[in-house]
Ligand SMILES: Cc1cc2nc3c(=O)[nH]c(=O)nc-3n(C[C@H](O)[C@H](O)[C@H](O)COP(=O)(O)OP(=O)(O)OC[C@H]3O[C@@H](n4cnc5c(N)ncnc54)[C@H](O)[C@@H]3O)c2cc1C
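Shown below, as structure tokens, is a lone chain in the form predicted on its own; questions about how it binds or moves come after it.
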């Protein structure tokens, strides 16, 4: 069986690895349009010694499959510093530490006393008849307007670079949707789940946050994709764009930019949804229309390096998020040198700020000088950081993180329906069932299991 995979980001690479781990003699070719592999996993180390992540900056260690993949390919994980648990939200002209434990919530000044009481009211708040509720609708209904504006809205920007008034709750945070459906309240649901975990002796107890420890690698996130690529070797063809896809009998034909035509029995598209849409235009206009409806707003990552002797420590902990109500250019800033070792030269710090996203995509595409000025202005007001950076690196994504807006679940259902008429065609990547690296790795493994239910060792998936 000949298998073609289009896209050499984490989804495409992990899918190839998952297939080969189950059937090592599989004939696989991976086509990548770019000059580099990795997709949104993009690490650069400057001559000065700043390690900058242009995309994904880590993954949570709560998903066994990602840790298994790291072990299989031979990369050693690097957990975040314990201080990275300390996170902040900028609201009303000051930074507020996010409560790490429920009792701290009662004393936090992030929410006013009425705002805190409204959150407690969540235990008896009403339900909804909406089939696909936005994150904003859900948060306002259950937690109140203040908690939505100061907690949930910035969280949506931090995870998705998204607009909470458009994101679908059940598609973006399915577990939260399930807890409300099952228990009628998030607070009551978490109390019951924690009691159950304690009774069963579970190591990781459910909490309001995503759980797990943020994890990376000594050489940055590209250590994983680089190692996967080195093991896949000549199976990967970089700078090889697929222009069009057609079908001849039971085989798919990939029409490459250089005029060549490649055939395969199974075709796995692991490129972004908009790229998949373009490739499938001739084969399936219906699929193209559905894929084009998944938005990808622009986002810029601005890395600023400073000598500590000029600025001090700036901020302890992970970093901060900014609610949209504050009307700042920066969505949030991570102090990367606090989070992982080896991110800045000795005696220096590295800040990584996000600009744009669904909130203000036009800001992400500002000329360098204007973008730098906007970020510096926000860092001056929020952190009191007045010094000019010693190092600057900007990563621009004209189309960054896919947005699971309302209607996403119905869109996926329609896509699945159309795929039934195209046997042997699989669509994967972070546009469908989870945007995180963990999601991509898990979905890659599921694809391997679906194609080869029985592994080389005779085990069933």
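For clarity, every value in this text was computed on a predicted model and none was experimentally measured. Numbering follows the first chain given and starts at 1.
There is another form of this protein, the form predicted in complex with this ligand, and it is not shown here; the text below is about that form.
Heavy atom distance at most 4.5 Å to this ligand in the predicted complex, all of 8, 272 and 299: Checked in the predicted complex: all three residues contact this ligand.
Position in contact with this ligand when the complex is considered in the predicted complex, options 435, 427, 52, 69, heavy atoms within 4.5 Å: When this ligand is considered in the predicted complex, the option within 4.5 Å is 435.
Residue among 279, 143, 335, 151 with a heavy atom within 4.5 Å of this ligand in the predicted complex: Selected residue: 279.
Close approach of residue 33 to this ligand in the predicted complex, 4.5 Å, heavy atom: It does: once this ligand is placed as it appears in the predicted complex, residue 33 has a heavy atom within 4.5 Å of it.
Exercise: residue 43 in contact with this ligand in the predicted complex, heavy atom 4.5 Å: No, residue 43 sits far enough from this ligand in the predicted complex that none of its heavy atoms falls within 4.5 Å.
Distance check, residue 242 to this ligand in the predicted complex, heavy atom within 4.5 Å: It does: once this ligand is placed as it appears in the predicted complex, residue 242 has a heavy atom within 4.5 Å of it.
is_contact(residue 57, this ligand) in the predicted complex, heavy atom dist at most 4.5 Å: Yes - in the predicted complex, heavy atoms of residue 57 and this ligand come within 4.5 Å of each other.
Contact segment among 414-422, 44-52, 394-402, 61-69, judged by heavy atoms lying within 4.5 Å of this ligand in the predicted complex: Looking at the other structure, the answer is 394-402.
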